[in-house]
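Take a look at this one chain, the form predicted on its own, written out in structure tokens.
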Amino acid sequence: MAMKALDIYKHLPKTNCKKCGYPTCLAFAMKLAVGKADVEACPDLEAEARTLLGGVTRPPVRLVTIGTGERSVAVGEEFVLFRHEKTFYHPPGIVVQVSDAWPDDEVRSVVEMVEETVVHRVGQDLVLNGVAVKYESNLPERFAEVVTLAGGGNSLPLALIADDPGALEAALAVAGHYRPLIHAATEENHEALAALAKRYGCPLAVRAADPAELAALAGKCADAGVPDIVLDPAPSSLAGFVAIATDIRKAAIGRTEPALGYPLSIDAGAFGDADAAIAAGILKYAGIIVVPPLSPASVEAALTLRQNIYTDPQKPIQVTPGIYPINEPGRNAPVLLTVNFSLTYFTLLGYLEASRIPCYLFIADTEGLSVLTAVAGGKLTETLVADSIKEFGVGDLVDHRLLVIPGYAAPLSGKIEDATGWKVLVGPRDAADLPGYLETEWKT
């Protein structure tokens, strides 16, 4: 089980020597307790304590990286069962499957789709993560050809899906130095696949339907010299995946079975409803999700859900406070006050850009809270608005002193006028109504 900071502190030298990089042994213990420091940073720790603390302070789910370069995928290194307890850190990699039995043009089309797909949402670019090549031709040389068609791992991370060691060896000859995921070792072939994974330094997926068998198989591969392992629980249904994935995460977080402390994978195409399988994988601890080629709508839904689940619930996505000119505003353009919650900003931006109305969007720092929440929680105040007007030089941009505030901030209108000297106009509550409001109500 995980240890608390004070329990860890009892095993430290208590010299406050600062050799670990922290001011005190207690500070070091607090970092160890949340997995933000390595026990090896303390040079004076006794061997017995080092062994004990090393086992209980390292992340319960190992960090595994697939691929190389900017688009490599890091999964695992999670600490909690539920995201509200802390947060989830490493979003699952979504890799699109092709078959080596497909024509070359079809393979190229899917690879290009993966390379070029970008969903822009609340200031972030959301992308698919790689390509999975499945061995169905029964021709090792053809498998290697399709791996090469998929970029060979040079541009996109790859998953090599085959049970045949000969086919995998042929594929690894062209892609092995780019760290593809080898999928999957079973009781029958694990010795050969572990040897390949060790030789090329690649992560290895292990597959078994029973958690005890999965743990035993992962242990054998780890003992064979493969440190980076991904677990495939081979579920027969989505309900089965949710149940076994939950049990595996509980065992990992509770450190009751170290051999299950690895990221999970799921083949979403193995189920009747791929979209539902993708959602289950994102919500229930999958590190790698193999998907069939998806429609644009399904891609956007999957990437949006992943972004939502892997956003820290205690830290809303924020934009930088300041003044944002929209549609080339002049000195008589309206000044529109809002908050720095990203979803609010980008929703307003979309409507205003489409309206072609020149204006200034004036973003106040409410620590990422929405308008209604910021008003109710006292984060959006007349003092903040007055100070922000001065800080950002809003008065130097326009010849008028009119400020449009969101409808949900209407209770602050009088206080803002008193604090700023600006006349306040209360705008609509819904961002969709703002262009129409400006067309009919804005006059300088």
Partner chain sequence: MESNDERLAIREVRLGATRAEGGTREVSYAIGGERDLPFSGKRPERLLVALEICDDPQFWPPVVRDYVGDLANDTAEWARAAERTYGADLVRLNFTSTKQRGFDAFGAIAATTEEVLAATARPLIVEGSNEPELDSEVFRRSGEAGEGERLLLGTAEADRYRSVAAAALAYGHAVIAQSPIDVNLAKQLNILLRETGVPQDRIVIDPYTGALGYGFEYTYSVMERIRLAALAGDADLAMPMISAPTDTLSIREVREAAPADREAMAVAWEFYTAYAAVVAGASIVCVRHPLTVARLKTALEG
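Positions refer to the first chain, counted from 1. By rigid core we mean the largest C-alpha set that fits within 1.5 Å across both forms. A quick note: this is a predicted structure, and the numbers were derived from the prediction, not measured.
Not pictured, yet referred to below: the form predicted in complex with its partner chain.
Asks: State the residue from 255, 142, 108, 121 whose non-hydrogen atoms include one within 4.5 Å of its partner chain in the predicted bound form.
Replies: None of the others qualify; the residue that does is 121.
Asks: Heavy atom within 4.5 Å of its partner chain in the predicted bound form: which of 71, 177, 198, 83 fits that? Just give me the one.
Replies: The residue in contact is 83.
Asks: Just checking whether residue 220 would be counted as a contact of its partner chain in the predicted bound form - the rule being heavy atoms within 4.5 angstroms.
Replies: Flag for residue 220 set to no.
Asks: Quick one: is residue 237 in contact with its partner chain in the predicted bound form, heavy atoms, 4.5 Å cut-off?
Replies: Contact check for residue 237: yes, within 4.5 Å of its partner chain in the predicted bound form.
Asks: Though only this chain appears here, would residue 273 touch its partner chain in the predicted bound form if you measure heavy atom gaps against 4.5 Å?
Replies: Looking in the predicted bound form, residue contacts with its partner chain include residue 273, since a heavy atom lies within 4.5 Å.
Asks: Would residue 209 show up as a contact with its partner chain in the predicted bound form if we use heavy atoms at 4.5 Å?
Replies: Taking the distances in the predicted bound form, the answer for residue 209 is no, it never comes within 4.5 Å of its partner chain.
Asks: Among 295-303, 319-327, 189-197, 131-139, mark the stretch whose residues have heavy atoms within 4.5 Å of its partner chain in the predicted bound form.
Replies: Among the listed stretches, the partner-contacting one is 295-303.
Asks: Looking in the predicted bound form, is its partner chain within 4.5 angstroms of a heavy atom from every one of 390, 394 and 420?
Replies: Judged in the predicted bound form, none of 390, 394 and 420 sits within 4.5 Å of its partner chain.
Asks: Scan 225-250 and note down the residues that get a heavy atom within 4.5 Å of its partner chain in the predicted bound form; none is a fine answer too.
Replies: Stretch hits, in order: 237, 238, 239, 242, 243, 246, 250.
Asks: Once the core is aligned, please say if the CA of residue 122 is shifted by at least 2 angstroms between this form and the one not shown.
Replies: Shift of 2 Å or more: no.
Asks: Does superposing the core leave residue 351 with a CA shift of 2 Å or more between this form and the one not shown?
Replies: Residue 351 C-alpha, core-superposed: shift of 2 Å or more.
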